[in-house]
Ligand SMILES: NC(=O)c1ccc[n+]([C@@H]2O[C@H](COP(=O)([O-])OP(=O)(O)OC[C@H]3O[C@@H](n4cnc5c(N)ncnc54)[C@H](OP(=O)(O)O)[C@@H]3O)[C@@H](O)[C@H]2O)c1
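Here you get one chain, nothing else, as structure tokens; it is the form predicted on its own.
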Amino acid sequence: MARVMVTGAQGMLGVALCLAAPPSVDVVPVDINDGDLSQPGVAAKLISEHSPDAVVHCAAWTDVDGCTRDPDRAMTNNAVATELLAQACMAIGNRLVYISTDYVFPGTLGRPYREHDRVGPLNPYGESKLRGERAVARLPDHCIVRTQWLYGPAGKNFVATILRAAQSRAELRVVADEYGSPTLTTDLASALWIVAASDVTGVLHLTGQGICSWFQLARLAVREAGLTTRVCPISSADWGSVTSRPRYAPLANDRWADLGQPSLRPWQEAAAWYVRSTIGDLVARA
């Protein structure tokens, strides 16, 4: 039985990953309570204690605006922690699967990004994740999985936020000029177990099928929930975030298809399933 350590196991993707583990895997879930990976010696200690065959590194500080306000913390949590984990894996030859992001790209290409397209992050979050990628890439046995616009049953996410807000508002204003591929964590988790057990190395893009704007995703969520809240499109300039974000950064999943693997569900199908299966809980917590 393979033993796989999952970092960030209490986060949205980490929870989904642990729940989706196949019977052939002995999952070792670790989170901040088990040790701060950004501190020297912690990653090496955890790997020594648990002796995993592979590590899936989900842990990250994903508050994009928070990273903009505190770029040093972003680098510590996302880059330094990953560098130390990569060094610990290198020391004993572990496989390391690193979860990265579309925010390593500037969003100016005009088409979905492929794995080997030129990177160029616009903000500290993207910069910190890219530095993590470069640390992981030094390992012989590694896979960097870029994904985007995650949402799912556990943790804070855009779709859940929209549905909670729609309970009490007649109108929602949502950015309509940023585009990506929404990705359901439960769908991604199943694919990540395939990656973890494979010998695929390098960079791999994995997202839900199709492309939409935040506005289109919000409108579908409200409709599927049976709510009458108006969803109004606005520009990113009107939203006024402190963070510069890529306008058009969908991730092409061509390499995943070339490996003979099935695509993740279309974003419309996955988002509709998520809304219908969780709306009762979201309303209760609104």
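Numbers follow the displayed sequence, beginning with 1. Everything numeric in this text was worked out from a predicted model, so none of it was measured.
Form predicted in complex with this ligand: not shown, discussed below.
Using a 4.5 Å cut-off to this ligand in the predicted complex, not one of V6, V104 and H142 places a heavy atom inside that distance. The closest heavy atom approach of I32 to this ligand in the predicted complex falls within 4.5 Å. Taking the partner from elsewhere, A176 is found to have every heavy atom lying beyond 4.5 Å of this ligand in the predicted complex. Contact check for W256: every heavy atom lies farther than 4.5 Å from this ligand in the predicted complex. When this ligand is considered in the predicted complex, T186 lies well away from it, no heavy atom lying within 4.5 Å. Across the options 131-139, 111-119, 164-172, 145-153, residues that bring heavy atoms within 4.5 Å of this ligand in the predicted complex belong to 145-153. Of the residues given (Q216, N77, N123, N94), N77 alone sits with a heavy atom within 4.5 Å of this ligand in the predicted complex. Contact with this ligand in the predicted complex, defined as a heavy atom within 4.5 Å, holds for exactly one of A221, V55, A60, A249, namely A60.
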